[in-house]
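Here you get one chain, nothing else, as structure tokens; it is the form predicted alone.
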């Protein structure tokens, strides 16, 4: 059968923007991958009546609700009480959870306070979801219709294993879920969402299972292919021909599949081609180097870089000619090319890449507006350069310029 649920994240800090709700994203992804349909998500503050009202309303629409947060020992941890209100239940002490909690505190050499005892109380008749990584057990409770509320802690390191090891297996067994969703991500760079849509529009309309979606973010777009089948192998078979067709239509722009980042794709290509890399950055301020060094094993192909904000550093560390800076300025094609060459020669690498631009908010002119960035790649044979003008505030311009630099570097490596 198809199991439909809604998710509720509990915590006033979520509504105030003091904490980013990563739990809902993780839970939704894991449920989707196990054939459980998420029809809605909600965030509710630490208010017993509002939490209960949200649960009652959701249970009129779906088969169950999964909550995260509000299971702690403090007075504003009210999820459990709200679940009881919504389902018409009382709480009861769960002795095994109390003993586990006492052992947990003893192993930490800490005294267990009386208010921690509250965490061992669960709705009467509920099934306990064990929490070996913390003090608060989770639970799944049912109403007279057979609809459920499953509650888990808000701490991710406690919630994630509870979800994977206890809740999802329980739901799949109880509701006889045989199907699962397998997802393939094709990551593109420097290709707009509208252009992708234009190239694969007919596939969008013709394909329901597998289903296609496009997710755009910061100069990159992910094409997501989702197939529902009885097994991962069966889903992979369904995805394969559609994936081949999309790859053919987006040739030259798909840099990786699934979990590989653009930085990881660059490191992989450098290793495959036996090349080494150095960076010279002005306006991106080291972000390009950071994206590459975030990849395990990058040290085998990335030797280092120079953040050359001041012209004296461009001259002294990268060998940019004073005459170049006097004649065309720091933000120019010539400067970018000399920076890339300087990085390659001085760090003795096969390739040098450079960025120089105006990130703002000041410093722009009619000829060189805020957002103008020059890029250059020098391989010792045929140097290349490009310029783009980005919109947004300083942070947005730096992020977009970094993404563009990574995309340009990947395309040069891929075509080599």
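The model shown is predicted, which means the values in this text are computed figures rather than measured ones. Here the rigid core means the biggest group of C-alpha atoms that line up within 1.5 Å when the two forms are laid on top of each other. Positions refer to the first chain, counted from 1.
FYI, the form predicted in complex with another copy of the chain isn't displayed, but the following is about it.
Using a 4.5 angstroms limit between non-hydrogen atoms, residue 128 is distant from another copy of the chain in the predicted bound form. Another copy of the chain is not shown here, but in the predicted bound form it comes within 4.5 Å of a heavy atom of residue 302. Proximity of residue 185 to another copy of the chain in the predicted bound form: non-hydrogen atoms within 4.5 Å are present. For the chain shown alone, residue 40 is a contact residue for another copy of the chain in the predicted bound form, at least one non-hydrogen atom being within 4.5 angstroms. Residue heavy atoms within 4.5 Å of another copy of the chain in the predicted bound form occur in exactly one stretch of 329 to 337, 81 to 89, 201 to 209, 230 to 238, and that stretch is 201 to 209. The candidate spot formed by 34, 245 and 249 lies out of contact with another copy of the chain in the predicted bound form, as no residue has a heavy atom within 4.5 Å of it.
Only one of 310, 179, 322, 165 comes within 4.5 Å of another copy of the chain in the predicted bound form through a heavy atom, and that residue is 310.
In summary, among the residues 147, 172, 341, 287, the only one with a non-hydrogen atom within 4.5 Å of another copy of the chain in the predicted bound form is 287. With contact defined as any non-hydrogen atom lying within 4.5 angstroms of another copy of the chain in the predicted bound form, 361 is the only contacting residue in 361 to 376. Once both forms are fitted on their rigid core, the CA atom of residue 409 lies less than 2 Å apart between the shown form and the other one. Remark: with the core as the superposition reference, the CA shift of residue 9 between the shown form and the other one reaches 2 Å or more.
Once both forms are fitted on their rigid core, the CA atom of residue 31 lies 2 Å or more apart between the shown form and the other one.
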